[in-house]
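Here you get one chain, nothing else, as structure tokens; it is the form predicted alone.
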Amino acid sequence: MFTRTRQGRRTAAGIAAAVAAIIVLAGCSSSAPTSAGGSAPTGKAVKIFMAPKFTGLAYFEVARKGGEAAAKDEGFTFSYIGSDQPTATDQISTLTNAIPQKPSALVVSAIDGNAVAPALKQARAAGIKVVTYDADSAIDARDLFVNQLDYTLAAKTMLDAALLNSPDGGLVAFISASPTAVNHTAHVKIMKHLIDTDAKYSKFKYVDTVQFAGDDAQKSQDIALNLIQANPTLKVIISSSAVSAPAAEQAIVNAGLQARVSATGFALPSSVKDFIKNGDSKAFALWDPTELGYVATAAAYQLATGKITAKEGQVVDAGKHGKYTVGKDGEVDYNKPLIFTKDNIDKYSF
């Protein structure tokens, strides 16, 4: 049976040292707010901080709107925090600086699941609930993980989009964010496994070595062109980075190679609409990040107010956005994939 791996690679000693130093400074005396009677907080007394991998990225700005909507619906205080630098050190600093502010919960997309784990454990020790979304941390560092798509469904969705781009199959290559991005690592591993074992995807072969672009558009374009040059029979470049997937297609268009190769994977529909309408790429995929942000923030609120305890089988009630069951290891699967094509992309505004 195929096994999903949640543990990323060990981070550099320098980052580990930085984590230890920052946590010492943060101290262990902070605690999340409670009502006067010592019970769980309610209403405006609940403060929830959302910390994306880094600020300024369109995908996370869309997810932010979902968190803000959940706060408006439930009446709690919501803050969006973080650095505009896409590094684990900066996210660690953001998280440890948040602890003395005593939020009721943190909603975090982990840029490096293991690197941020000590800071998240420090938050939990201070009584702060921790929900990860989009990209998980080490399991013992958070209460819940709201996964946009379970990893197998994500892999199948991207391969289905690849089949729309190249119905006859052919050679595919992968661009990921980093070796320590838990979700990206799992996506690629499962896509390779499906190509090797599932008849539906057996038309594909793959370049075994994965390229890493760090969610950087220019680096993604450079990698895409290098992949095409190194692999003359390449048909599809696949990435689960909402930055790398459209950037790879932009590189293809800039080079005038649309007839030879295409890119797909996860991307905001607004970032790939022109490619799809022009026929440069037949399909990209994603989910609704606004709704994902809403579900993750609602889950954090329900943890903070004691409505749920993250026990397997409990239900996160996101109102009009649906109900979601807590699974093994505190994973809550959103599981509403979208595939954007010329026929439907005008329906989506994010």
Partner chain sequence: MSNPTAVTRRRLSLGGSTSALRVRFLGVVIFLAILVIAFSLLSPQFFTLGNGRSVLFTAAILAIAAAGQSLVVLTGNLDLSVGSIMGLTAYVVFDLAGKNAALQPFVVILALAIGALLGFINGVFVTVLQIPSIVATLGTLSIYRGFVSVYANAKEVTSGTLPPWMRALATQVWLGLPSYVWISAVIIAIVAVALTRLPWGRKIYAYGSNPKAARFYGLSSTRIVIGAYVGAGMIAAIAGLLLGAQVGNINSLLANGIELQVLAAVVIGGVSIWGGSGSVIGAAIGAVVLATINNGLVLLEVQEFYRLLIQGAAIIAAVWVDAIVQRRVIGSGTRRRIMEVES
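Positions refer to the first chain, counted from 1. As the structure is a computational prediction, the values presented were derived from the model and not from experiment.
There is another form of the same protein, the form predicted in complex with its partner chain; it is not shown, and what comes next is about it.
Taken together, the three residues Ser109, Leu159 and Asn165 lack any non-hydrogen atom within 4.5 angstroms of its partner chain in the predicted bound form. With a 4.5 Å cutoff on heavy atoms, Arg124 does not count as touching its partner chain in the predicted bound form; it lies far away. Proximity of Val46 to its partner chain in the predicted bound form: non-hydrogen atoms within 4.5 Å are absent; the residue sits far from the partner. Contact annotation: Thr152 falls outside 4.5 Å of its partner chain in the predicted bound form, judged by heavy atom distances. Contact between Gly279 and its partner chain in the predicted bound form is not found at the 4.5 Å heavy atom cutoff. Stretch-level contact check against its partner chain in the predicted bound form with heavy atoms at 4.5 Å: of 299-307, 315-323, 281-289, 54-62, the positive one is 54-62. Shown here without its partner chain, the chain has Pro246, Gln250, Val253, Asn254 in 235-269 lying with a heavy atom within 4.5 Å of that partner in the predicted bound form.
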